[in-house]
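First, one chain by itself in structure tokens, the form predicted on its own.
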Amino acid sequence: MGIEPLRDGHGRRISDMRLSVTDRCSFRCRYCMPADGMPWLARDELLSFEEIARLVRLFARLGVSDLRLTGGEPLQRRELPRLAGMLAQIEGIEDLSLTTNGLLLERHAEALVASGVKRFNVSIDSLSPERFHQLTRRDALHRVLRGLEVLAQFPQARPIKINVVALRGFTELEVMPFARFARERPFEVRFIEFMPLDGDRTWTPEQVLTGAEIRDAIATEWPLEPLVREPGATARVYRFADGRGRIGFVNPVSEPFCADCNRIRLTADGRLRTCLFSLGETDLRGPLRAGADDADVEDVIRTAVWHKELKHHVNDPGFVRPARSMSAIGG
């Protein structure tokens, strides 16, 4: 008999994991982190490469096939391409991807592709240097775009997606430049609704610029045609009607996609989170370092996943946001 796949108590099969390798980041994006004062994890609190690989092997045996490396900024973790190479070789891992702010991409793109990373998401919230600095608190757009061009030289690194967090009062001016960017360059731009995971804890529903509003604005100039949404996908993807590129919308606030959610998250300090907005976490680092065997750790994982939330409650009265911000959870 084969191993029973990982399922939650609502019957959803879990096949996708976001793996944070560090809580540190070189940017201080206003929707994610405060300008300063973030307490970083100590080095010995982080999972080692060997611990990460052991856990990924366990999750792969339980049916996790898609693995995304996140942070903080994952390229802040020393020797990340080496870790990626270790994980890409694990049986059952079919898709290894990376989300990055792009600052160090120029330096590491070749090594990451060689290590087995197949897909990349690069976070860019403005194509204007001044506005990019305003949002990230860093003057670095030129370096990010240079890294993006280096990455584009590798045809095996596809698709390359650009993540744009949509903030009311800011992103309206970015919509058409990014739509044009998606039409002229080999990148799929994805607008992501602002979620209540900011380090300053100032999020309000009024700050959310919805995907529908952005889609309607683009369609006034360039008609869009919807593509079929795959089960478990986070984005609603459209192609431009004239065939020149694609654009996506991730709408967790206005159009939650919890019903077929197949994702779990592992934080840099080894806590399993079954929802981005989970109020509780399950410690896996502790059992690993206490000498638990694989069967014991598997039992802990299965129990935690069985209790995965049916949905987030962002739009419900009395919503309580998690204690950790996005950079500490893993984007």
Ligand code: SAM
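Just so we're clear, the structure is a prediction, and the values are computed from it rather than from any experiment. Each residue number is its position in the shown sequence, starting from 1.
Not on display, but discussed next: the form predicted together with this ligand.
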Point to revise | Close approach of M326 to this ligand in the predicted complex, 4.5 Å, heavy atom | key: yes
Practice item. Give a yes/no on whether L105 approaches this ligand to within 4.5 Å in the predicted complex, heavy atoms considered. Key: no
Practice item. Examine C32 and determine whether its closest non-hydrogen atom to this ligand in the predicted complex is within 4.5 angstroms. Key: yes
Point to revise | in the predicted complex, L209 touching this ligand (heavy atom, 4.5 Å) | key: no
Exercise for review: Identify, from the list L151, I214, V144, V165, the residue with a heavy atom within 4.5 Å of this ligand in the predicted complex.
Suggested key: V165
Revision key, fill the gap. Partner-free chain; cross-checking this ligand in the predicted complex, the single residue of L83, V175, A235, M195 with a heavy atom within 4.5 Å is M195
Point to revise | Candidate stretches 177 to 185, 241 to 249, 69 to 77, 152 to 160, one within 4.5 Å of this ligand in the predicted complex by heavy atom | key: 69 to 77
Point to revise | Heavy atom contacts to this ligand in the predicted complex at 4.5 Å, residues of 122 to 149 in sequence order | key: S123
